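We begin with a single chain expressed as structure tokens, specifically the form predicted alone.
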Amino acid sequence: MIEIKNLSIKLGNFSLKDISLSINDHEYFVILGPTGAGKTVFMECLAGLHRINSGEIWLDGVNATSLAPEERSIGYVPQDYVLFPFLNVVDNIAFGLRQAGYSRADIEEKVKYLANLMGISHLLHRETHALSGGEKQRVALARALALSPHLLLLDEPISNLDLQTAKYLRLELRRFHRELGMTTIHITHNQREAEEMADRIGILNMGKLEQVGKPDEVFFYPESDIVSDFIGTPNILKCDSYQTLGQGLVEVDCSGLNIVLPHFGDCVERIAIFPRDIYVSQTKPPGPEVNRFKGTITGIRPSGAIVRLDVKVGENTLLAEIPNHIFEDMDLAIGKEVYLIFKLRRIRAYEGKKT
């Protein structure tokens, strides 16, 4: 278990401000925030790479605030992996074990185990400069895990990978976590990555921890405008009734809007739809009527590369977003009618009230 008490640090013009946080044993905890929020600084403080100005860091009941990095039993994978370029894969993984004085037999056994776990047994004698991004990440993970740390720190572990590799490695990271039973802290700026992977999420912005909760709690119940703005100001609709349609689909009634969405589980209390996942059309689109609604534009707000539209549909006012260049080609104005289509697979469901 990790207990962080009133942690503060000032580095140049940037500060982490009075952060208090408890992370449970074996939990997969994600720190989510925009670039410049202080995520890496926070992680480096846990790893012992910065001397904090005030506060305490407790690891498994031990006050680790003044401990050197090598005394904290932490495995750390930085964003750029920092593999030793003069060593091959075997020697990168074995480096910490040799420094710690493990026997040759023990090193060989541990390297073999980690290589099998990471699926890199065929790469053991490869030079690191010849590896792909995903392969480098696996080698860096194996090296971080070699000394059986109590805590694993992952700094944007997927950000430099292509979409297909990133999707695969998200699943792999969760598998490694389950198999090893290790407490993990993962930092990212990618909201979808955080939602898919986290047991709980902490939202960090400008050095301040804004909110901590399960992904659905943060998503459906943002506690501040900062959190709401960061997650994209989703349309959150309360469901008055619910019925199962079969084949993994349900239909909910949200103040007169009958919306179909994929869902397995208990009665849906709320749904959420991101503005970017609502398609806007000036003419009635062809096809089935499912999740297609007619509404009236009540507001138009340019915001950088997008334009935000407030559209009143029955008793609900929905926020939709369209790219600026598409808006310029459309004849849209306040008072005009438009058609909205909700992307079925992008609708999120929340089953119960926040506890």
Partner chain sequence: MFQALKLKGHAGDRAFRAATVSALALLVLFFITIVASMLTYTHWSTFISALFSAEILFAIRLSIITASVATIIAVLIAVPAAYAISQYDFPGKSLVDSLLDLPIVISPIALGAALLVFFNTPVGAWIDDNVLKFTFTVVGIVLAQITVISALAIRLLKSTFDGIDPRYEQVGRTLGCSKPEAFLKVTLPLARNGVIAAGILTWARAVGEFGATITLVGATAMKTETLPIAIFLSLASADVEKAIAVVFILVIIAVAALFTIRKLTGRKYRL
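Numbering follows the first chain given and starts at 1. Since we're looking at a predicted model, the values are computed, not measured.
This protein has a second form, the form predicted in complex with the partner chain, left out of what is shown; the following refers to that one.
- The stretch that touches the partner chain in the model of the complex, counting heavy atoms within 4.5 Å, is 81 to 89, out of 234 to 242, 81 to 89, 131 to 139, 206 to 214.
- Between the options Val227, Leu147, Leu161, Leu249, the residue in contact with the partner chain in the model of the complex by a heavy atom within 4.5 angstroms is Leu147.
- Screening Tyr76, Phe220, Phe274, Phe176 for any heavy atom within 4.5 Å of the partner chain in the model of the complex leaves a single hit, Tyr76.
- Using a 4.5 angstroms limit between non-hydrogen atoms, Ala68 touches the partner chain in the model of the complex.
- The closest non-hydrogen atom of Gly96 lies within 4.5 Å of the partner chain in the model of the complex.
- Taking the partner from elsewhere, Arg143 is found to have a heavy atom lying within 4.5 Å of the partner chain in the model of the complex.
- Within 4.5 Å of any heavy atom of the partner chain in the model of the complex lies no heavy atom of Val290.
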